[in-house]
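Below sits a lone chain in structure tokens, taken as the form predicted on its own.
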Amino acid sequence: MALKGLDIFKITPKTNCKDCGNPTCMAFAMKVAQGAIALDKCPHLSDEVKAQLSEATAPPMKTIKLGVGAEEHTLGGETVLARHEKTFVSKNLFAFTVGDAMSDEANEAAFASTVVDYERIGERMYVELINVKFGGDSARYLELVKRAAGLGRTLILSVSDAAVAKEALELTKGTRPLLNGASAANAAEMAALAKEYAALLGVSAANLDELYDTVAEIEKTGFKDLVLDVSSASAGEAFADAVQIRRAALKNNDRTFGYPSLVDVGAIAPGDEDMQCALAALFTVKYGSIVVMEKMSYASALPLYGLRQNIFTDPQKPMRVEPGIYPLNGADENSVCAITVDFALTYFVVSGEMERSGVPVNLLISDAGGYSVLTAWAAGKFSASSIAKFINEEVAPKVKSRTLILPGKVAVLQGEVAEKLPDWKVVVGTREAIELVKFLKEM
């Protein structure tokens, strides 16, 4: 049973020192109870108290790390079933599959998934994991493991043969892969391997009852870095299992099922890329922490990563870019300036069209609270005064050009901005970003 705010408040220093970033110890305790902040944010709690309460205050779903270094990913840590209740914590990861039972052509087509690599609103979109599936030919399998490891992605080693698994783990030592091959038949042996090589362990079973018992047996060994493989013969069964596992953990606080889930949609709909994409979208929403496909193409990636970014973005925190001067198309201090707000989507849309024009432009990003142009203007965060202050303090000392393009949607500001910036020629730009190419070329 998770502790309530008053229970946590009783063990705080009650000094209201604000060292945790909260105004009072009571506010701190309430946030810890809600899972909004960690217990260790209070520097005055003893190690004994932290150890005593850490499990009680931890999220019902365990947070685990997969991979290392730049390829380290966080799984789990969720506290709610629906995004409107509270922000989701850890975005799901995508994987493509290669295997010794697959043809050379199929493996090459899968490896080609690594070309999917682009940026959307400041986030890198690529296939984070490679699933290497064992089909019986150990020599060929290990060669594929070597090749996949050389690509710099974190691996899923889908193998239930302990001897082959050990060799594969030797090849990936120090990279913290996911060893996906534990079952009721080999749970102890696979858990020992995962522990020895500091890997995560994927657990599967014929049904949820068997899965629950197998996880409980592995937990008795003290190993708890687990992922629950809910892949099934049908999409309906896999979906039902994923939902029941998540509900058991979050609603019933059953920590035996409090682990991230993996679903192999490539196994559910082999050879059908469109169906795999549809199922990947389903499990992105509910509740595949890792979604495995046969391969990834841009046709699948664009909708899937767009969906994932929307689902796993905090709706209470505007997506912002850093205010400043962004030279585009080789712009220098003599190039024309164009100003807009720091809302990330506005920046990427506007900068993309400006780059497409080929015209050198200094794109000025003003601090507008992360709002869109009209919203920031209505809120008083993108006004003639704020624009003039930003230009005088941050831009004028660095740029010789004195031509400033305003967004067309705030044309009403032209006169006032011109008054506050008498040395600048203030021009009203286009209302829509798509019109910028023609506007800049003609200008």
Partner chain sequence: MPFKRTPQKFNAAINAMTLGTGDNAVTIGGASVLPLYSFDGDIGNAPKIGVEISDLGLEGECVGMTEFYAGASTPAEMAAKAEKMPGADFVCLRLEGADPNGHNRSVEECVEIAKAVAGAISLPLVIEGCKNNEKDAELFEKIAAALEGKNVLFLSAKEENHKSVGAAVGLAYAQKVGAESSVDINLAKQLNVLLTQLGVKAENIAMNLGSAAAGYGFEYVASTMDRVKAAALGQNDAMLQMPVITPVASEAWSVKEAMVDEADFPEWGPQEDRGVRMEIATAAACLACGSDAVILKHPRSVATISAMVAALK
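Rigid core (definition): largest C-alpha set, two forms, superposition within 1.5 Å. Numbering follows the first chain given and starts at 1. Please read these numbers as outputs of a predicted model, since none were measured by experiment.
Note that the form predicted in complex with its partner chain isn't included here; everything after this is about it.
Checking 272 to 280, 189 to 197, 142 to 150, 221 to 229 against its partner chain in the predicted bound form, the stretch whose residues place heavy atoms within 4.5 Å of it is 272 to 280. When contacts are judged by a 4.5 Å heavy atom cut-off, Gly136 does not count as touching its partner chain in the predicted bound form. With a 4.5 Å cutoff on heavy atoms, Asn252 counts as touching its partner chain in the predicted bound form. At a distance threshold of 4.5 angstroms between non-hydrogen atoms, Pro360 is out of contact with its partner chain in the predicted bound form. Residue contact with its partner chain in the predicted bound form: Ile325 places no heavy atom within 4.5 Å of it. Site annotation in the predicted bound form: the residue of Thr74, Asn329, Ser183, Gln244 reaching within 4.5 Å of its partner chain with a heavy atom is Gln244. None of Ala101, Ala106, Leu171, Leu208 but one reaches within 4.5 angstroms of its partner chain in the predicted bound form through a heavy atom, and that residue is Leu208. For the stretch 231 to 245, the set of residues having any non-hydrogen atom within 4.5 angstroms of its partner chain in the predicted bound form comprises Ala235, Gly236, Phe239, Ala240, Val243, Gln244, in sequence order. Once the rigid core is used as the reference frame, the Cα position of Ala235 differs between this form and the one not shown by less than 2 Å. After superposing the rigid core, the Cα of Tyr197 is displaced by less than 2 Å between this form and the one not shown. A displacement of less than 2 angstroms separates the C-alpha positions of Ser300 between this form and the one not shown, with the rigid core held in common. Whereas the displayed form keeps them at a certain spacing, the CA atoms of Leu328 and Pro303 lie at least 3 angstroms closer in the predicted bound form. Contraction of the Pro303-Phe348 CA spacing by 3 Å or more is recorded in the predicted bound form, set against this form.
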